[in-house]
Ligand SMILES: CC(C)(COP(=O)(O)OP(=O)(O)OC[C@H]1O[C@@H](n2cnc3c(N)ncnc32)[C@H](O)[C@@H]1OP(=O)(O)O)[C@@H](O)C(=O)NCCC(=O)NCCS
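Encoded as structure tokens, the following chain is the form predicted alone, with no partner shown.
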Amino acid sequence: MQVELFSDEYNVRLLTGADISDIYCLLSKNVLYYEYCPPFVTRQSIQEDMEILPPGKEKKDKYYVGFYQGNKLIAVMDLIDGYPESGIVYIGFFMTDTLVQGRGVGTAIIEYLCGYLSEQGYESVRLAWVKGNPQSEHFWLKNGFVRLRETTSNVADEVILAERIL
């Protein structure tokens, strides 16, 4: 995957440890998310998220990326290639800066990304949101994701697993 092609409007690149302060600045503003998905973000938790992998996946399958408008980080995404199986991409995390929320930025990113993944031959995109989080549920349903089932995760007792067929 070429992360630079995840968007035609924003500059996209892999994030590293050198970006943790910028990531923290973006994530820490989204208080509502952490009400449903505690604990509140820390620089240490960002470092851990940048490295954690689901079972059976390798570092080469993980894309922890930032979307930039000029030099400003406006969105962060954790994407796993081929999880839970080949042909599926899993979005483990996606958050836009609170200053751009409600303006179509997140939707534009997801729409373009799904188009790119479809062109690359992927069949679907999966993700999960914490059950009861109205902001997340509204966003993902609006963006064409369909609930598959309720389940549990390492993040919350109950999450909604969802999928968008490409």
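A residue's number is simply how far along the shown sequence it sits, counting from 1. Since this is a predicted model, take the numbers as computed values, not measurements.
Absent from the display: the form predicted together with the named molecule. The rest refers to it.
For the candidate spot formed by Ser86, Tyr116 and Ser124, no residue has a non-hydrogen atom within 4.5 angstroms of the named molecule in the model of the complex.
Proximity of Gln135 to the named molecule in the model of the complex: non-hydrogen atoms within 4.5 Å are present.
Interface membership of Met95, defined by any non-hydrogen atom within 4.5 Å of the named molecule in the model of the complex, is confirmed.
Contact between Arg147 and the named molecule in the model of the complex is not found at the 4.5 Å heavy atom cutoff. Contact between Phe67 and the named molecule in the model of the complex is not found at the 4.5 Å heavy atom cutoff. This chain is displayed without the named molecule, yet in the model of the complex the stretch 135 to 143 from 135 to 143, 54 to 62, 116 to 124, 38 to 46 comes within 4.5 Å of it by heavy atoms. With contact defined as any non-hydrogen atom lying within 4.5 angstroms of the named molecule in the model of the complex, the contacting residues in 95 to 124 are Met95, Thr96, Val100, Gln101, Gly102, Arg103, Gly104, Val105, Gly106, Thr107, given in sequence order.
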